[in-house]
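Shown below, as structure tokens, is a lone chain in the form predicted on its own; questions about how it binds or moves come after it.
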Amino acid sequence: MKLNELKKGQLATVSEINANRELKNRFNSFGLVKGAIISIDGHSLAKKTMEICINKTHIALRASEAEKIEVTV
């Protein structure tokens, strides 16, 4: 399942990140790594962006970025 398919309030574990090195490095700086437990806190009205929480850190991701992250519920 991809991160952008999760619903608000769902918890998941990151199983794979299918992104280029630059984007992976950006994710790593936020703690978004394989094995991290994340939750979805909300979506924008048009569902173009989403707010996720990783280890008490809240970040916003574009839907196109969230598509590159595989998760396990």
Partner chain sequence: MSTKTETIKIALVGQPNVGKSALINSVGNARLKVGNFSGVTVRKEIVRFNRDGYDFEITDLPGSYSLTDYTIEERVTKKYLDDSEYDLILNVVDSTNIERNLYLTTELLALNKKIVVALNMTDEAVKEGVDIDEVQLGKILGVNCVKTSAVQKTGIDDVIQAIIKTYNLRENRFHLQFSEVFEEEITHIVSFLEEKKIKCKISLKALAIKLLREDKETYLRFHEEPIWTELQPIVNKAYQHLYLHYDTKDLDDIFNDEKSAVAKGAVVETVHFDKEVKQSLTDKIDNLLMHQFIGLPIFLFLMWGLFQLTFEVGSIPMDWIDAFFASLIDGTKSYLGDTELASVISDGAIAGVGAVVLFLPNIVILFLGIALLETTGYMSRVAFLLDGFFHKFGLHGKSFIPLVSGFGCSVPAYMAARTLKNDRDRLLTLFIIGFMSCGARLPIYVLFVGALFTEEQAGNILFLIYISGALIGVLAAKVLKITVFKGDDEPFVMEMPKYRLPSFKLIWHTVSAQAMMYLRKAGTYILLASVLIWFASNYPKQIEMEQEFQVKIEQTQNEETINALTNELALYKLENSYLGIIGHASEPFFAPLGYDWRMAIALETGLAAKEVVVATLGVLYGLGEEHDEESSGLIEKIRANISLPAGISFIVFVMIYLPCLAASMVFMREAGGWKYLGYLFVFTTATAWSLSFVAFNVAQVLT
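Note that the structure is a prediction, hence the values are computed from the model and not measured. Numbering follows the first chain given and starts at 1.
Omitted here: the form predicted in complex with its partner chain. The next part is about that form.
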Item to check | Partner proximity in the model of the complex: L11 to its partner chain, non-hydrogen atom cutoff 4.5 Å | outcome: no
Checklist entry - For N55, is any heavy atom within 4.5 Å of its partner chain in the model of the complex, or not? => result yes
Item to check | Any non-hydrogen atom of N28 within 4.5 angstroms of its partner chain in the model of the complex | outcome: yes
Item to check | Contact label in the model of the complex: S44 to its partner chain, heavy atom within 4.5 Å | outcome: yes
Item to check | Sequence-ordered list of residues in 48-71 near its partner chain in the model of the complex, where near means a heavy atom within 4.5 Å | outcome: K48, T49, M50, E51, N55, K56, T57, H58, I59, A60, L61, R62, E65
